[in-house]
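Here we start with a single chain on its own, the form predicted on its own, put down as structure tokens.
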Amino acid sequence: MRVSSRRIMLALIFWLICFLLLPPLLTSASPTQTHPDQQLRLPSADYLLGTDYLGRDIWSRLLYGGQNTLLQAGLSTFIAMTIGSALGIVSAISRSIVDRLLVALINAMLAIPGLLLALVLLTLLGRGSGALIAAIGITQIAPVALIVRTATQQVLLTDYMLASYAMGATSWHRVRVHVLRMLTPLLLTYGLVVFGYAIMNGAALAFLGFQSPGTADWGVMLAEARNSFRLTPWPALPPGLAIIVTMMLLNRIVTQRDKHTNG
């Protein structure tokens, strides 16, 4: 049975709200409090998802870790979309030297793999949530700028944009009134793509040790689960499944929007 885009969107919103807004309401346990006498407990009434190798409540860490992971991804997406969109639009409406300089900058950033660039930035910035947000956001500025620049150039060649230019409208008026309105569906769709990228790469970088140790974060939870995986693999399952479900919902929404746009 085919699931509508609206239902998928509602499911994603409900999923995100559970992690972003409801952790204090869904658990009273601290995500960082250790209990040496409760290490690696199986799921029970006291510990819904069991405990990890330090005796911390996995359910609490999953909820607060989701809050941290998703907020980081959202802020990284905001950085990438705002700066990238601004660069793309400015490049598209500019002439000669400004456009060439911005295109050279965008191509230079695209020449470096995103994960490698993030690793370089984290080497300079150190580890922690702030460094991760900045590194992931910066790596996505160039792809966003390139897509927005191309889309803006196409919009500028439409008949109504040429008519607006003939009537004496300034470049910024055309951008504010026409270009941004036409680019909104594209920005929303690609913003979801960047958001998914930020979740995956944020978790990967946290897994590699670029997040502060002990932080409630899905990537950190996966990294810490290695300490006891052969003995008790269940501490790795909740954060892994949470990432998979989030990515599946995002991919379904992007696919549905693409089909709707192309159809």
Partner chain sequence: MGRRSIATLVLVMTVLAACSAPPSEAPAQNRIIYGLTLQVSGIDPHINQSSELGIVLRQVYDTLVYRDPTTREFVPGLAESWTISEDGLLYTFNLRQDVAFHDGTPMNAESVRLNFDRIVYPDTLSQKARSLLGPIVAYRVPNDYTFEIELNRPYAPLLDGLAQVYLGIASPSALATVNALPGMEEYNTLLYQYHQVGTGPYRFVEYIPGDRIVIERNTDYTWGPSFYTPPEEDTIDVIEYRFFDDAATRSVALESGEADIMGELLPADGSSLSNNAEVQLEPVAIPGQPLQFYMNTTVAPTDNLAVRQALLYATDREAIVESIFQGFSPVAWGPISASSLYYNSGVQGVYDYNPAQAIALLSSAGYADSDDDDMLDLNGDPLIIRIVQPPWSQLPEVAQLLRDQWAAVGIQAVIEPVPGFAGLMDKIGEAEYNLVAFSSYGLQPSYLIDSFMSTSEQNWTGYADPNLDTALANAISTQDEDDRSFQYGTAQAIIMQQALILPIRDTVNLNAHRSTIRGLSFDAYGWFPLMVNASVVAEEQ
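All values derive from a computational prediction rather than experimental measurement. Residue numbers count along the first chain shown, from 1.
There is another form of this protein, the form predicted in complex with its partner chain, and it is not shown here; the text below is about that form.
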Going by a heavy atom distance of 4.5 Å, is Q33 a contact of its partner chain in the model of the complex? yes
Taking the shortest heavy atom distance, is L231 within 4.5 Å of its partner chain in the model of the complex? yes
How about R127: is it within 4.5 Å of its partner chain in the model of the complex, going by heavy atoms? yes
Taking its partner chain as it sits in the model of the complex, is G214 near enough to touch it, meaning that at least one heavy atom pair lies within 4.5 angstroms? yes
Those residues of 78-98 with a non-hydrogen atom no more than 4.5 Å from its partner chain in the model of the complex are none
